[in-house]
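Only one chain comes next, encoded as structure tokens, the form predicted on its own.
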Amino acid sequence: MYGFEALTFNIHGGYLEAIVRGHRASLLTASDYNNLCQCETLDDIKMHLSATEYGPYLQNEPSPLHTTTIVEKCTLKLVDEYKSMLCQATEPLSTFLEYITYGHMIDNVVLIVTGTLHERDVQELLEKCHPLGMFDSIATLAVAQNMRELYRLVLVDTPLALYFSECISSEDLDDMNIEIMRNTLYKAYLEDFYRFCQKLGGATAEIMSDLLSFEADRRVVNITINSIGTELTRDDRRKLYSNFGLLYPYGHEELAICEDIDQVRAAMEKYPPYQSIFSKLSYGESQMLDKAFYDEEVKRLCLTFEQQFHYAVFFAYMRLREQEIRNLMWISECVAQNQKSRVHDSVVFIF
């Protein structure tokens, strides 16, 4: 019942909500980013991060540092925090926290399958997988030749099994089929997560429906832009769109027939929340679209902390921390490659 969460929420969720709000206070601020952007070497970045909560994870790393090491250690901190919260969570929060990792599982499956297709070493691929998306049988993904085998041999025992029913086919795996598989899995995952949040009700349902709708709409736009000029038909494109969100259903109909970025822009400008995103881009330009979407997402995620007694703060914290790691990776890459003039291009300030 919306508005009455305060009566019972703290019985099971109060301690962990306090914990996640404490973690949120440790996110890097604009002044931290300004200092990091002034760094001349990766060791300078390490020295600055030593004063933050990343310090213990980086302190024993020898010089010279690599960008991958910084990202790996920062991700390890996120994983440790997540596992700590999951261990202490009770239902339905524990299921909610597990849902957050399913997106990483999908990305890991696609990474392994694509790498195997291009004859990459499985061990090397496993090292690149996101630790939040690991599962026991992930290494055996390499043996599958088509989606039916992928499901039967490996994924039937994972949480992704439910989402695979829509993309089981006997077609051999190639780059196009794998990308369609990724988007079909994401569609099923987002719809399932959306339904789960609606069942929880209250403030969690209200805030999460907004965040997941934004995620679904962003994926619709990306699918549309990436499929322009490919052999994907309008009907195929339409099948990859999630069946909820601000763009559903009329925006989907318009986007399914778009043939260039300007037509996508014209369709999106009819929706006020997205009009501001596309107004930042020049006509015919799509390179800065990801940054504009990330900026908007961060604003929405920060707003979730303004309300209490709901689970969306856990989702928001995980996403904000992942954005922070992307920021650190970009800054580290710019410093390592001596491209400091571009350091502000992709940094999304969180606070």
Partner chain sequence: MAEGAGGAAANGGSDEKVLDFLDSVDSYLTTMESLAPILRQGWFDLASARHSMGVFRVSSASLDLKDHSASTYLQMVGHESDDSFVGQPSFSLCKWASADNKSCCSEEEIPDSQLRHRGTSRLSENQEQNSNGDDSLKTVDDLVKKERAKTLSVFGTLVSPKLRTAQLSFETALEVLVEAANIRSSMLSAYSQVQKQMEDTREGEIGPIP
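Source: prediction; values computed, not measured. Residue numbers count along the first chain shown, from 1.
Same protein, other form: the form predicted together with the partner chain, not shown, and the subject of what follows.
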>> So the partner chain isn't shown here. In the predicted complex, which residue out of Asp136, Asp175, Asp157, Asp235 has a non-hydrogen atom within 4.5 Å of it?
In response: Asp175
> Considering the partner chain in the predicted complex, which of Ile257, Val143, Ile225, Ala266 comes within 4.5 Å of it through any heavy atom?
Replying inline: Ile225
> Within 4.5 Å of the partner chain in the predicted complex, do Leu36, Val109 and Arg300 each have at least one heavy atom?
Replying inline: no
> Should His252 be counted as a contact of the partner chain in the predicted complex, where contact means heavy atoms within 4.5 Å?
Replying inline: no
> Even though the partner chain is not shown here, does Ala161 get within 4.5 Å of it in the predicted complex, heavy atoms only?
Replying inline: no
>> If we define contact as a non-hydrogen atom of the residue within 4.5 angstroms of the partner, is Arg182 a contact of the partner chain in the predicted complex?
In response: yes
>> My question is simply whether Val20 lines the interface with the partner chain in the predicted complex - judged by any non-hydrogen atom within 4.5 Å.
In response: no
>> To test your reading of this chain, name the stretch in 126-134, 241-249, 272-280, 199-207 whose heavy atoms come within 4.5 Å of the partner chain in the predicted complex.
In response: 126-134
> Of 325-345, which residues get within 4.5 Å of the partner chain in the predicted complex if you count heavy atoms?
Replying inline: Arg326, Met329, Trp330, Glu333, Cys334, Gln337, Asn338, Gln339, Arg342, Asp345
